[in-house]
Every structure is written in structure tokens, then in C-alpha cells.
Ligand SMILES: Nc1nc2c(c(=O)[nH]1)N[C@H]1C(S)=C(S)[C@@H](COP(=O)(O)OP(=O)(O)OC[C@H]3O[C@@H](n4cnc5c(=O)[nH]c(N)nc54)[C@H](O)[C@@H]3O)O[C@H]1N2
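Here we start with a single chain on its own, the form predicted on its own, put down as C-alpha cells.
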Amino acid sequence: MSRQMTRRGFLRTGAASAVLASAGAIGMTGCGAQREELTGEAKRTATLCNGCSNECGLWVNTVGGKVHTLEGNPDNPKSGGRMCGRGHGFAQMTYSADRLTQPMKRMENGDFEPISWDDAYKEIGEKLTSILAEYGPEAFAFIRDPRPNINFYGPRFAAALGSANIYTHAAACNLSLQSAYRHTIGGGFSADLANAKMVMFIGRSYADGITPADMKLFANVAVEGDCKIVIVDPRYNNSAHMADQWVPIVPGTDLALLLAMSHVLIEEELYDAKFVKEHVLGFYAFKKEVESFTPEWASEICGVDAEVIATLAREMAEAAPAAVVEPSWRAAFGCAHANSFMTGRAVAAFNALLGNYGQEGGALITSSPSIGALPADKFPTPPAAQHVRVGNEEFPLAVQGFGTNLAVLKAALDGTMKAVFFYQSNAAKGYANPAVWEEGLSKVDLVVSIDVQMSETAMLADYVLPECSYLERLEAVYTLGGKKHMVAIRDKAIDVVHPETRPADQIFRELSAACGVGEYFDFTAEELVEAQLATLGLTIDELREKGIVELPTSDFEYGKVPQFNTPSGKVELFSVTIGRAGLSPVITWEDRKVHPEEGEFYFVGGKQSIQSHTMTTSIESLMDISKTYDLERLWMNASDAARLGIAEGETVEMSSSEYTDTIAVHVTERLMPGVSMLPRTTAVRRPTFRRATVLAYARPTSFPSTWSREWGRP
């Protein structure tokens, strides 16, 4: 098999198959309680999917108060009238037998027993206020999956208690990448795929991490467009079927590829000199730095032929400014390697050399709408915390809206973090270093988990508070930025199924009262949404009618160089801020932390379009798909399998410093030699979950002879 794979003759068939994964309206057949014949009043409610962080717009069709069908909202730019199988499957969580249905308390023997809401609030309130009184608010942290609702309630709750320690899961996702973009171009960007002539995707697969509208666009561009699509990935992912070229690469070496491509543009004077002169800071320092980073140098590191590297750079330059290196997400360099931050900087720098920022077909930096100030009498603002967030000084380059939850883990391990609350965030299994998280949380005096299901983190908590599913609650307003500004709603589609589950707004209203700060939550979800929409000149009835409304406030314009929100106002290839933090101020080469030794393999995780990390593993229909199609196997290159005498489907042992287990092997040419791949959602021994697979979540990293993964204990 060629190591640079070209587009196949069956492209149109492949594209059509991929689009089927983003179908329109789908019935809820097979959804437990929904197998019955439904009768009664028919109703249609606008909501946002909660199957992943994309939050695509949906319409929920109910009959007799029960979910009947779901369909993508055609006006929502993420769904585009479609929804993926994962989103459809996750809706079944509402009726899942594995849902949390009542508050739970951990007993001294480690078992959980039901507890009333009143008693749970009372005990949590007493313990938390005691901790705050003895150790101060800096000993309390709140970690959440960043969704619009909890982005409002979580920080407000922490601030009301005097704590600045609010975090997301980003340190286990894409914090390095987002921080790199923040300090190089001032924030994130998007690729204008619809108008591009050439796009390079590094470790990103739209067909595996599906946003339906993006997948449809990708398929249309691949089949009908003039855009050359290049996939750089150790794995021949499901988007590669529709690409023009697959470039297998050694995991964690994308930085070398980007530096060598930058070398070619500068050495051959193919870069946009006018853009560089007017909008780039530190070009000459960067030019000097990449002088030795030739394609031949990079080839030895990343395993890509030198001529392929040079050709890719020249083709990108020829297509510029309608050419772009796509920003990626978690994938290759979200946070996976020691050089992930530098890799993100290199992506931003290469796009700058192409002069593509703000250009049609290039890298777009757009704005987002802002909700105005709410009436102070009804929504008083908690006073600012009197301490610096834990981790800010040690990790000064982290995007401050995210924070780094590793700081919480370190503080838990050293005994200074006394209380940690989680909202639908599974640190104990979904983050890196699961054993270390378990150790850290065991040292915390009070751990509270607010979730819909009994995650591994919930099983380590002292109290578990059950939230109702996303179909059973109204949430804070959701704003969408981009070329257009929009606002959407997640509305309550059905009544609460389990009477002892509650929506987040009620939980925080009652919990804050138990903690003595109830004055900051003396409002309902409907009152909050109405107040938020009033600042945008809208009403809740208008939004409920359409599900999403465009706002007349976006100032995007093609051909206009965007505002770079950096200290210099330019793209910074040399950063004083980064230098002060102890890293190289100029973009340069940094190696990955771990390389395999003799008999070891590189290890990568792979996204699957039907699963969202550990969150969806309790969904019967989705797990049935994973099992029916053997999607839980370890991928191994055919030449490696032949050398080791391993056949398709054979069971092997995997081990690392963290874990050992057995698993079936999938022998394939869709993975470069020397690399192993395991789906990230191959998950978990959960005694509370009947549907989960028996394999531990993405911790094992080797078979008969071991191989390594970069766990990097903090």
C-alpha cells in the first residue's frame, strides 16, 4: 500500500455512505419505553443535542408526552437539518435503565445508599461551609464540561462562595492547542472549507467526530469541489476515504512537518511577503530558526518523504490564500504531547505565511455575540474572588476561560484542595492519568458529582446529585459565533421522567441556599432565559418558535484582515509573553516526550462517530453497534502483525506502566507500521452500567512486548 494514498475510484459511494451517518429525522424505535404504540397530543420542541460538545440544533417530536422522533433543525448551522447516529442514540439516555434516579451518598464502607435531596443539601452545605471557613475559598474547585448552561451556573456558584477555582475538562482535550492560538493569533480560527482550493487536516476527521453540517460540506467538497484535501494522520481515518491524499506520520511529530513546510515557503520565497510585512511580528527570528528545518531533516523525524513535504508546501503556496491548515481539535495536538503547544503555534504561523487570514478559502477569525448585563436587582453579581485561581501562576499560558484542571489534581495530591465539585465531567476515566485522579480525589475531603449517570468520577464522589436529561430541562441561552451571529435554545421537551432528578438551575438554586449564598440564584431557568434574550432584543416565544434566530450584529467581511488579539495586534511568531513563561519565544522544534523502545509501539487513540468518550457507553444501541461491527479492537499494521505472528481477531495482551489487559486485534493497512490504535471510547468496567464493554478505557498501551504512551504525571 502506498504511504501517500490518493483518492479512490469509489469516492462518490464513500461520500454518500458518510452522509448517511448524518441523516435527517429518525424515530426512537428500540428505545426502551418507546417501543409501545404512542397516543395522545403531538408536540414539537426546539432543543440542542447533548451527545457531544457540538450541541447541534434539533426538533424533538413528542406524542403523549413521550419522545417519538428527532430531526435536525435545518436553520441551525451545525445540524443543517441532519443529526448523527451518536446524537440520536444519546437521546435514549432519557429512558435508560442506567440513569441516576435519586441522590446518592457514599457510606464508610464505600457503598452508595440513597439520600433525600434535603439531607444531601444539608450535609453538603455544612461540610463545604466548614471547609471554606477553615481553609478559605481557594480550597474549593469546580470542574465542568463547558456547555452554555453550566458556563453560567458553575462560575456563578464558585464566585458566590468566593472561589476563583473554576475549570473545564480542557487539559484533557485541547487546552494546549487553544492556548497556542491565543498567544499567536489572539484566539481560535476556522477553515473556510467551502471556498478553499487546498485544505490540510492534521489528525482531524470530520467523518469520525461528526458535526452533521460540516460532514455534509466535507463530502460535497470532496465529491464535487476543486479543493485538494490532504489527511495527515497515522491512521487512515474515515475522512481519508474522501481525501485526495493520505500522509501517514509518526504520532507527535506534526511539528516537524509544519516547520519543514515553513522552511520551504521561506527558502523558496513562496510566502505572502506583503501580509508578513504588515501583520506578522518576529518573522526574521522565525526565518532564522527554520533555516535548518529542511524537509530532509523532518523526514527522519516524522516518517514522511522529504519530497512529499516539499510538494505539499509548494501546493499550499500555489493555492494560497485559498489554502489552509485546518485548526484541528483534540486529535493530534490538542494536548496529547509535550510539543502540542508549539505545534499549535506552528499551524498558526504556516497559515500566516500563506497570508490566508480573513481570506476566502483561508483561515477565518470571527466574533461571537455577547449577552448583555442582566438586571442587578434580580441577578446580583457575586463579588470577585480575593485569591488567584490555583494554577494561574504555574500555568500562565493556559487559556484563562478554561483553566487547567491539572492544577486541581496537583493540589488534591498535596492536600491543599479540600473540596471538588464536578458537573458531567468524568476526570477519573475520561482524562489522562486515571489512577492518579483516583488517588488525588481520595485525598479530598468533599467530592460532589452532578450527573445524569453514575460515571467513574461519580463512583469516587461522596455525594452524587442526579440531574434530569437534556430533554427534560430548559437551559441558559446558547450563542453561536462565526460569519453569522445566532442564538439558540435548549427547551424542555418532556416532563421529568424520574421525579427525584432535577435540572441544574433547581439544583444550584437549592444547593446555594444550603451553602448560605442563595441570593445569587433567586430566579428560575425561564426568568434567566427571558432576561438574557432581552439584552439581545428577543423574547423566549420568538426563540421557541424557530429554535434558532440570526442576530444582525456580525461584522465579518471576506478580504478584511481580522483583529489579532495579541499584545502587538499582529501574528506573533516571536512572543515575549511566551518567553517570560519559560518557553521558547520563537516557534521552534520540540520533541515528543516518549519514544518507543525496542519491541514497543507508538500508541494513538481514535474517535468514532457513534461514541463520545465515556459518556455514551451506557447507551444500548450505540454499544451494540460497537460490538456488532467489532469497533473495539486494537488496530495493528499488517506488516507488524505478520512479523509477530498475530492473525486478524486474535487476542493479545496489552500493557503499560498504568495497566494490563487483553483485547482482540484488527489487522489492517489503514495504520502506519510501528503504531497501534485503540478507539478512545473503548470503555470501562462499570458495575453500575449494564451496557458497557468490559475493556478498560484507553489505558492499555501494549501487547506481548510493551509499548508506551505519554502519561506525564503532573
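Residues carry their position along the shown sequence, with the first being 1. Not measured: the values here are computed from a predicted model.
Below: the form predicted in complex with the ligand, not depicted.
- Contact annotation: of the candidates E632, E590, E289, D208, the single residue with a non-hydrogen atom within 4.5 angstroms of the ligand in the predicted bound form is D208.
- This chain appears without its partner; in the predicted bound form, the one residue of Q359, S262, S425, S575 with a heavy atom within 4.5 Å of the ligand is S425.
- Not one of A180, H279 and R345 is positioned with any heavy atom within 4.5 Å of the ligand in the predicted bound form.
- In the predicted bound form, at least one heavy atom of I202 sits within 4.5 Å of a heavy atom of the ligand.
- Although the partner is absent here, S609 lies within 4.5 Å of the ligand in the predicted bound form, judged by heavy atoms.
- Contact between E467 and the ligand in the predicted bound form is found at the 4.5 Å heavy atom cutoff.
- Contact check for T47: no non-hydrogen atom falls within 4.5 Å of the ligand in the predicted bound form.
- Of the candidate stretches 296 to 304, 396 to 404, 323 to 331, 369 to 377, only 323 to 331 has residues with heavy atoms within 4.5 Å of the ligand in the predicted bound form.
- If you take 231 to 266 and check each residue for a heavy atom within 4.5 Å of the ligand in the predicted bound form, you get V232, D233, P234, R235, N237, I249, P251, G252, D254, in sequence order.
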